[in-house]
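As a starting point, one isolated chain is supplied in structure tokens, in the form predicted on its own.
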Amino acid sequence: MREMIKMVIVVTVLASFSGGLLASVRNGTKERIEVAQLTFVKGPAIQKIMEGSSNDPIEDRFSLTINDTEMDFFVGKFDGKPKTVAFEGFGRGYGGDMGVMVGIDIEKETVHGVAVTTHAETPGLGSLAADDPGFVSQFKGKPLDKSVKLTQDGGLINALGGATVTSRAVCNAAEQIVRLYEENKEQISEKTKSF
């Protein structure tokens, strides 16, 4: 019986030590992981969307909690004024969830730009959503009060050939972002103006 108690105590101590060690490693690397994501995953998409901005949108960012989820918003300044805000949404593609960054022109109330951040789509087909500038350029200038859908779903966006599911995922993510912006417009605009 004493041996059993000793084993339970040893296992408990080892598990507590291991858990504490893992938590400290996670906390120690959290900031570096965030920087790497901003630099290599979200950064290129943000730079595409905010091309021509007079500031660094990755540096000029803020966070808001929307629907119990903390979201990062990236601010783009044009003509010296904060005019565009970009944030990420997700759509269900053929290979899984796709991350889509959508920029919104807060003055004109239009989509400023769209770029894919993450995907697991088929190379050469679905992956074109991230690589084909002709596909994402269709979103630019679309008014927020119009639905962002594919033409076969009653919208104005042409799908990529052979990649309708992927195209629909990008549209769904963009639609989600537009709706989140509309629902939280005052809060987002107020934060954006402080830059």
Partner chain sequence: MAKTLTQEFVKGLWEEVPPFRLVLGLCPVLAVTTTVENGIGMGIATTFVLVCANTLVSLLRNIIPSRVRIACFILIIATFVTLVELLMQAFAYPLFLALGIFIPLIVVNCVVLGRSEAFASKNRPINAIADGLGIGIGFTLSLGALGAVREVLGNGTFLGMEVFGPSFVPFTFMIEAPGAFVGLGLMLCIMNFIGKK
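Positions refer to the first chain, counted from 1. Predicted model, so just to flag it, every value in this text is computed and none were measured.
Omitted from view is the form predicted in complex with its partner chain, to which the following refers.
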Discussion item. Just to be sure I understand the contacts: of T29, N158, S63, S54, which is the one whose heavy atoms reach within 4.5 angstroms of its partner chain in the predicted bound form?
Written reply: T29
Fill in: K193, heavy atom within 4.5 angstroms of its partner chain in the predicted bound form
no
Worksheet item: Any of the heavy atoms of S18 lying within 4.5 Å of its partner chain in the predicted bound form?
Response: yes
Worksheet item: Applying a 4.5 Å heavy atom distance criterion, does Q37 contact its partner chain in the predicted bound form?
Response: yes
Worksheet item: Heavy atoms within 4.5 Å of its partner chain in the predicted bound form: does V41 have any?
Response: yes
Item to complete: Within 4.5 Å of its partner chain in the predicted bound form, which residues of 6-33 have a heavy atom? Give them in sequence order, or say none.
Response: K6, M7, V10, V11, L14, A15, S18, L21, L22, V25, R26, T29, R32, I33
